[in-house]
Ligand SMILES: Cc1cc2nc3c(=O)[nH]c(=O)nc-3n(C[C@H](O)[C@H](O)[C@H](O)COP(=O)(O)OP(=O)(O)OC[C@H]3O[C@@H](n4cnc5c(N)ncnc54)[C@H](O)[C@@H]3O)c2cc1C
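Next up: a single chain in structure tokens, the form predicted on its own.
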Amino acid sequence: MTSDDEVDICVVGSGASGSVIAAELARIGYSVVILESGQALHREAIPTAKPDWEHRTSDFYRSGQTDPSFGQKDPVVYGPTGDRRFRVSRFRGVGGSTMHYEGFYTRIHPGDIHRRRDTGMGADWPIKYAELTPHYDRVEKMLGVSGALDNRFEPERPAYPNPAIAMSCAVKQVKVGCDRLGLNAAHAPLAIISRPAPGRGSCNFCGACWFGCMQGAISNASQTYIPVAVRHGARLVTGATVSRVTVDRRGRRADGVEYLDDNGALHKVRARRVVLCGNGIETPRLLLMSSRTDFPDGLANESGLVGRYFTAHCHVSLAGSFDHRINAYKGPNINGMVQDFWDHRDDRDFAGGYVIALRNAELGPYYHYHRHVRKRGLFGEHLVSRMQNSFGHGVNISAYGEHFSSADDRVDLDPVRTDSKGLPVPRVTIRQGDNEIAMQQHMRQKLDDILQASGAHDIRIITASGNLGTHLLGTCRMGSDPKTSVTDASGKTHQIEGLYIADGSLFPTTTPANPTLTIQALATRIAHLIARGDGRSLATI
């Protein structure tokens, strides 16, 4: 084993939260090392930089995706008692899953953090909403979030750093239906810049946000926080698969991590603090792999809750068609939103709430042909006619809702299977309860109502798989009671000094919001608390 010199902060993961922790602390002089199991995504791997980009989307996924459906060597195993339709979708590489996110950047609402108090379901957050707002402001400024103050359900907030990206033709058409139903269709706040910035172009409406951004308009971690961290001295190590968090002889304080490089050689990074920033699967997996004789059930697992209460958003998508072209392949994937059903109400037959996303995620003619036309076996003028009368006429809208997990929804280690480095493969189990089923029925009806009121026909469900495999949350809950949580409100584990968690596994509940902005706000808050505990303060942006 090789061992590096001791650093102040070892960050495991370079995605949404790891990039924030590294940048914020490196700015003010902490020595930081970032360990990333994947590699940097080079510009030539971004499909939209080429005219035949629709033929190249698989190249992008192969560069970092770990979903087993893409034939990766290190799959996730699905527990036999869970929902078999659930499929994990992650991106392994510098920037993590921000490399293929849609940049839908909504803040949570004040009521989201005390669902248990209001409904008896889930767990309340151990922080107040006001503790997040300055960190939301800081993240939005750093990323140049674009938005408008036209959402009457959002708590009071300052103006967005950038003007909202204009609603596309397709979203305007769907907004007509929302207006007819009395629903508030507002601009979606997006981590996509609406006007140029140094080294970055503004959104060009190419419609392929899932596959990288040739313009640099999407504010992923690899072109925002990671360059700041590196510029201020953070060392980024790629191809570093962390296999264990190590503790001192007394077993009370984290003193570093061990990792395997791409050649299988074992290394150790010694650190005064370790911050885990993987996701709701990889963070509990690492803690469980870090077991030893005095921690037989894994590290920081005195409560027995590491890996428990795994949660992800409920998800439903409907599609429809119009007689005229609306060109839903042009524009950001999500370009509008409806928050009328976000906040919990006692007069509904489900607890919690959901958000509706108005989308432009139809992609281009090649995708349309393969999804909707190819099986018809058309040729010549019949093929041309079908494409002319169908491509650009479709639209889809989605809803994301809260999932209230139980202790049986979990991530643990498969007892048999190992990955390409000989490490136990994570096994995931997630199910829907009666509340989620009732919520999804409500979602489907409202999405159908909107499409019908918009004038759409041929309305159909395109996704009703239950839970969304990209929002991986809840497996290391934060809380004030060490018996019912893994970390305290600052992200520090109750059991092990110097060991922090800063990713989505902290979430006590999902909230209706897409989680990335809140993950980054929590990470900013954790960095602030670490610095303040050392008598320092974060630098201004």
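Quantities reported herein were computed from a predicted structural model and do not represent experimental measurements. Heads up: residue numbers just count along the shown sequence, starting at 1.
Another form exists, predicted together with the named molecule; not displayed. Remarks below refer to it.
For the marked spot (Val242, Asn279 and Thr516), a heavy atom within 4.5 Å of the named molecule in the predicted bound form is present in each of the three residues. Looking at Phe104, you'd find a heavy atom of it within 4.5 angstroms of the named molecule in the predicted bound form. The closest heavy atom approach of Val12 to the named molecule in the predicted bound form falls within 4.5 Å.
Contact between Asn220 and the named molecule in the predicted bound form is not found at the 4.5 Å heavy atom cutoff.
Taking the partner from elsewhere, Phe295 is found to have every heavy atom lying beyond 4.5 Å of the named molecule in the predicted bound form. Segments offered: 22-30, 503-511, 475-483, 488-496. Contacting the named molecule in the predicted bound form at heavy atom distances within 4.5 Å is 503-511.
With the partner removed from view, the residue among Ser291, Thr246, Gln452, Ser89 that has a non-hydrogen atom within 4.5 Å of the named molecule in the predicted bound form turns out to be Ser89.
Shown without its partner, this chain lists His368, His100, Arg115, His393 as candidates; in the predicted bound form, only His100 has a non-hydrogen atom within 4.5 angstroms of the named molecule. Along 470-491, residues Thr470, His471 each place a heavy atom within 4.5 Å of the named molecule in the predicted bound form.
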